[in-house]
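Next up is one chain by itself, shown in structure tokens, the form predicted alone.
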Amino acid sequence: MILKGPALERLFKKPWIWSYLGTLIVWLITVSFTKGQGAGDIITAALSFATFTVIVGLGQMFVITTGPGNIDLSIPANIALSGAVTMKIMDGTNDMLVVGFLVAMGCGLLVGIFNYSLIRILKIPPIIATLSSSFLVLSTAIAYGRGLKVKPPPFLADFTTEMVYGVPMLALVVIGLAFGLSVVLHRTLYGRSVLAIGQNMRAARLAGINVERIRFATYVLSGLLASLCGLALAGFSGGASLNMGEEYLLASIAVVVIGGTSVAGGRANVPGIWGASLFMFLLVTMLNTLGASGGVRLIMTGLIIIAVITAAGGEKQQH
């Protein structure tokens, strides 16, 4: 069935559609340059690596949706801490896998609570609070995981690298996670409260929404998802490292914006997180394939991201 007329117009008004169009374009350019060689492998690699960006992007999306100024910059440190702690506790054995998962979730819970405590109790702006928190969390990870060289349990390593008809098993699980969080966002009291707070915090408070409780839950959710990413990334990479979360600081923010979520708050797009994550990976792949130098890659990446954000920015936030 071919979309045309009003249906096609409605589709192009969806903010998230531009990330998928961008993904398709950069993939076609890459495949054309390689004359079709490795086209399927590129998609498989994109799904594998984009999965981790999706996990942290979902948490960042909820935080950003609560309104201007809300952001979680502790994600990279949280990933490093969770990876180091869980790898050491599991010590490469399947028997400790459940314990390791619970410990990872415990790390995320504590980081989320600590972040919001700085914001709420000390009245520190979120960007400063979470950045300060990241230094403390990363210092803890360094102290705990210095010299750590522990392989993940075989089951975790197999699960995070398993393929089902060329599609990563972990990607399928995270697609399910994204769908579940989409339901939470649009069909539950918590999700609707997040959107309402982002649209107008004062009006949400007057409507009876416990604004601070919702914001607390949102920062905790971001912490839990970052820790989940740390656990999965350590399994996928064959072990934890203290710098394994570095690339997810800007990436977690970029995929939220490119995916169509409003930085002004009140509007979120779960499907766009997947599209933007795939776009980010394939964009770098395309520039590498074309032989662009490091400096050119950075410039082109920035310009193309700006173009996609501009294209997706037709819908303005209303207050």
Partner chain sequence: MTKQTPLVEMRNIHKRFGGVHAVRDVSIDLMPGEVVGVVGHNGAGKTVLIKALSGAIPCDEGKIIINGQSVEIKRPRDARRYGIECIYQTLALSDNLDAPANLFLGRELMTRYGMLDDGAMENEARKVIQRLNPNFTNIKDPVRNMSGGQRQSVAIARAIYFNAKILIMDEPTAALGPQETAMVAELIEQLKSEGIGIFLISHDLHGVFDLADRISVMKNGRLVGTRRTDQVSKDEVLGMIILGKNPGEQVQ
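Note that the structure is a prediction, hence the values are computed from the model and not measured. Residue numbers count along the first chain shown, from 1.
The same protein also has a form predicted together with its partner chain, omitted here; what follows describes it.
Its partner chain in the model of the complex: contacting segment from 157 to 165, 208 to 216, 224 to 232, 95 to 103, heavy atom within 4.5 Å: Residues of 208 to 216 come within 4.5 Å of the partner.
Contact assignment for its partner chain in the model of the complex, among Ala203, Ile113, Leu172, Ile89, heavy atom within 4.5 Å: Of Ala203, Ile113, Leu172, Ile89, the residue with a heavy atom within 4.5 Å of its partner chain in the model of the complex is Ala203.
Heavy atom within 4.5 Å of its partner chain in the model of the complex - the one residue of Leu181, Ala196, Ile119, Met244 that qualifies: Of Leu181, Ala196, Ile119, Met244, the residue with a heavy atom within 4.5 Å of its partner chain in the model of the complex is Ala196.
In the model of the complex, Arg192 touching its partner chain (heavy atom, 4.5 Å): Residue-level check for Arg192: yes, a contact with its partner chain.
Partner contact for Gly266 in the model of the complex: its partner chain, 4.5 angstroms, heavy atom: Residue-level check for Gly266: yes, a contact with its partner chain.
Contact flag, His186 vs its partner chain in the model of the complex, heavy atom cut 4.5 Å: Within the cut-off, so yes.
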